[in-house]
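The chain below stands alone and is given as structure tokens, in the form predicted on its own.
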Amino acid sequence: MSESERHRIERVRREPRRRELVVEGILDLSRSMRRIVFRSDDLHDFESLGPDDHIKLFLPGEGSADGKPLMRDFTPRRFDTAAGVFELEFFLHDAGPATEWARQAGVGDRISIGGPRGSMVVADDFDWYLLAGDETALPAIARRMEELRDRVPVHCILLVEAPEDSFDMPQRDGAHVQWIYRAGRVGEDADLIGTAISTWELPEGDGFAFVAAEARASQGAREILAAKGQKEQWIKAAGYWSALAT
């Protein structure tokens, strides 16, 4: 393989379509994370190539002021097109329409999704991976851990409120999972994630870093990784939410 073909990052676009799902099962992974399993015949041609893809969840109810349905972005945690099974994981935070729906959801309830509109496909040929984020990123991080090749070194930095909010991540050789806790320190996510990344030693070889959290925390993590010598084209730092908008 030539140097230009290694570590390829490709964007794939697709036309999204709406699909109707029915709740089949509910499992609480921790105090604040709930997995909901859906079933649908509409999933036969569903495609999600990137572990941090996003679908739109169309929430039932009155919708927004402009008459459009309320929508929220979620990572497809796991899916089986042959079996018609689809899983999402919900962070049950203090408020919000998606949290409220997930708290009240029951077997047989119906909801619809759209997308994903596209995928960022990262070649699984890096020497190591760093996966970091807060509660909103845990489904994407867990899915990426499951989909990486066997025995590749993976370091995870996972921020949650307290030990009661942690849960078993996918088991794999070469993975190290580091839980860090907010413990009531509201507004300090950037410092907590930044400190954990600062004290982590960048491994030798080529690595890919994925960070998803509050916008300021993700941007700070990008800057820290770049200062440590990580190539910026091999960093994906996504702001999954903004403290300024809450």
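Please read these numbers as outputs of a predicted model, since none were measured by experiment. Start at 1 with the first residue shown and count on from there.
The same protein also exists as the form predicted in complex with a small molecule; that form is not shown, yet it is the one meant from here on.
Open item on the list: I'd like to know whether A95 contacts the small molecule in the predicted bound form, with contact meaning heavy atoms within 4.5 angstroms.
Closed with: Because a heavy atom of A95 falls inside 4.5 Å of the small molecule in the predicted bound form, the answer is yes.
Open item on the list: Please determine whether P139 contacts the small molecule in the predicted bound form, using a 4.5 Å cut-off between heavy atoms.
Closed with: Yes, P139 is a contact residue.
TODO: State yes or no: in the predicted bound form, is some non-hydrogen atom of R72 no more than 4.5 angstroms from a non-hydrogen atom of the small molecule?
DONE: Yes, R72 lies within 4.5 Å of the small molecule in the predicted bound form.
Open item on the list: I'd like to know whether S119 contacts the small molecule in the predicted bound form, with contact meaning heavy atoms within 4.5 angstroms.
Closed with: S119: no contact with the small molecule in the predicted bound form.
Open item on the list: Taking 4.5 angstroms as the heavy atom distance cut-off, pick the stretch from 158-166, 86-94, 119-127, 172-180 that is near the small molecule in the predicted bound form.
Closed with: Correct option: 86-94.
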